[in-house]
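Single chain ahead, by itself, as structure tokens, in the form predicted alone.
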Amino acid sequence: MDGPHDLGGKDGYGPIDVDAPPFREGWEARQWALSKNVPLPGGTIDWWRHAIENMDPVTYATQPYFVKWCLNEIAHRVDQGVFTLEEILSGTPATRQDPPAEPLDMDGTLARLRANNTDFRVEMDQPPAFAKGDTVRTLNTPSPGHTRLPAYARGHLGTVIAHHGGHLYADAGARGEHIGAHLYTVEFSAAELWGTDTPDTVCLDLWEPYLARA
């Protein structure tokens, strides 16, 4: 969706600290581990991302990265009835359970996580609309839902340099729909995107519904 969280970033927020550590505080590592080890029943990664996009702009712009992860996990689990907002605010569960009898098997957990590679490829019934070498133009329409088309690349001409077959379409996944769309790598010149007089190019992986024949 269109907002301060655009996939390609927004002007005015300053440079990105590329040398920042993965975690600035110990609790951030624990939040990452919780999100990775306690999956959302029936949820999709695209719906998880879209829920963060639905945060009000002030919260999104002022809260640290893993605070937003934490708020997102709470919202999902309150919505699914795992616990209530009152339990979160009080810090006390309504009913207590005994702790696990056995400690967490770290070796087994790491092995499971390393093997948890999801394949998003989808067999498509219809042929691709574009081929390598085609010139395409990205759509230039607002997006009320989740989208992986950056605002800076909308309405611009690019060249298809690869076709990757069908993959789960993220925009539909955020709506709970399990459908595929053809996925392409499209190359844009920096001059086309930003009007800069440089030979640089930008490559984006874009689904077919984002593209039109130029």
Partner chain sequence: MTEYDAKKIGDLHRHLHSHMPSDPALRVKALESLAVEKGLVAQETIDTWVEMYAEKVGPKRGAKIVAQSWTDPAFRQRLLDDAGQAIKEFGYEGHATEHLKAVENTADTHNLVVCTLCSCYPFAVLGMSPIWYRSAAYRARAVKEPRAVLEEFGVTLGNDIKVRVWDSTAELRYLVIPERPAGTEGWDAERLAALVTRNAMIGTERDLQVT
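This structure is a prediction, so every number in the text was calculated from the model and none was measured. Positions refer to the first chain, counted from 1.
There is another form of this protein, the form predicted together with its partner chain, and it is not shown here; the text below is about that form.
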Subject >> Interface membership of L157, its partner chain in the predicted bound form, 4.5 Å heavy atom rule >> reply: no
**OP:** Evaluate D105 for contact with its partner chain in the predicted bound form, applying a 4.5 angstroms cut-off between non-hydrogen atoms, and reply yes or no.
**Re:** yes
Subject >> Contact of D79 with its partner chain in the predicted bound form (heavy atom, 4.5 Å) >> reply: yes
**OP:** Would you please decide whether I74 lies within 4.5 angstroms of its partner chain in the predicted bound form, comparing each non-hydrogen atom pair?
**Re:** yes
Original post:
Here the chain is shown alone; which of M124, L139, I88, A129 has a heavy atom within 4.5 Å of its partner chain in the predicted bound form?
Top reply: I88
Original post:
So which residues in 167-186, when you check its partner chain in the predicted bound form, have a heavy atom no farther than 4.5 Å from it?
Top reply: H167, G173, A174, R175, G176, L183, T185
